[in-house]
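Just one chain is shown here, as structure tokens, and it is the form predicted alone.
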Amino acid sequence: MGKERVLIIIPAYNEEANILNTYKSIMDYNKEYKTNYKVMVINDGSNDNTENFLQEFNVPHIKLVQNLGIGGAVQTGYKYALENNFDIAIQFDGDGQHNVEYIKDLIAPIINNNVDLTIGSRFLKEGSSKFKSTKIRRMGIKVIAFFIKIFTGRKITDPTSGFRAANKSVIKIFAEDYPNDSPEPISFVKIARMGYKTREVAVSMNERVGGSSSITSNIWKPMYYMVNVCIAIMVTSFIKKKRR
């Protein structure tokens, strides 16, 4: 790897059970492997002890005065990356699901100037990840991937993955405009329609160790999410934008 400046964006909403361990895993990795990944936690209006923990342990973070949702929190991180001239920005969940050791695999194609956006996939390689989410959500992921293939011509196995890396061009786009709803699949469609190069990278993910997912909290939410995403994919695909 070269001297690229890499920022890890961690959106966090009520992640008191996970955020310190997540941050520590990155710092420990930096120390062991002599990497210099920077971290910016976006505290998305948490009403638990997340902010207290971030302050007490001097974790670099931005405190949002109200909850903006995952889209707004991640966009805040991209704005920070743009304003501070980072070469690569990585989305990284604060709930313990993502493994820092796969970051090198995510950023390698970008550093080699092969692609503009990489997506960490649990499904790209058989057996690459023990945790693959619930059956109903996996079904929804397959339907979303099917719609993306139809409207963009690109095959993607894990369109809802929040483990991604973006180069400077994509950082600028996401800093200016990032979806509030269904941000991962919709932003992928947007980038694909603009002609940017994308690639999936096989990763392993963990089951979250605390808190709960808003999507999988009951049986109807994943179905509602899937339908909304598919509609949004169709709408987004008809909005033609030129590559910058």
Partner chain sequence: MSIRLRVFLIVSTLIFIIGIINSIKKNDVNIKYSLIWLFSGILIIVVTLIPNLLEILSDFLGFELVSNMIFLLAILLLLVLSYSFTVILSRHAKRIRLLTQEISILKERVDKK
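Numbering follows the first chain given and starts at 1. This one's a predicted model, so the numbers in the text were calculated from it and none came from an experiment.
One more form of this protein should be noted, the form predicted together with the partner chain, which is absent from this view; the next part is about it.
*Asks:* Looking in the model of the complex, is the partner chain within 4.5 Å of a heavy atom from each of 62, 83 and 179?
*Replies:* Each of the three qualifies.
*Asks:* Please identify the residue among 167, 161, 76, 97 with any heavy atom within 4.5 Å of the partner chain in the model of the complex.
*Replies:* None of the others qualify; the residue that does is 76.
*Asks:* Just one of 202, 194, 40, 26 has a heavy atom within 4.5 angstroms of the partner chain in the model of the complex, so which one?
*Replies:* By the 4.5 Å heavy-atom cutoff, the listed residue in contact is 40.
*Asks:* Mind telling me which stretch in 153 to 161, 102 to 110, 68 to 76, 115 to 123 gets its heavy atoms within 4.5 Å of the partner chain in the model of the complex?
*Replies:* One stretch meets the cut-off, namely 68 to 76.
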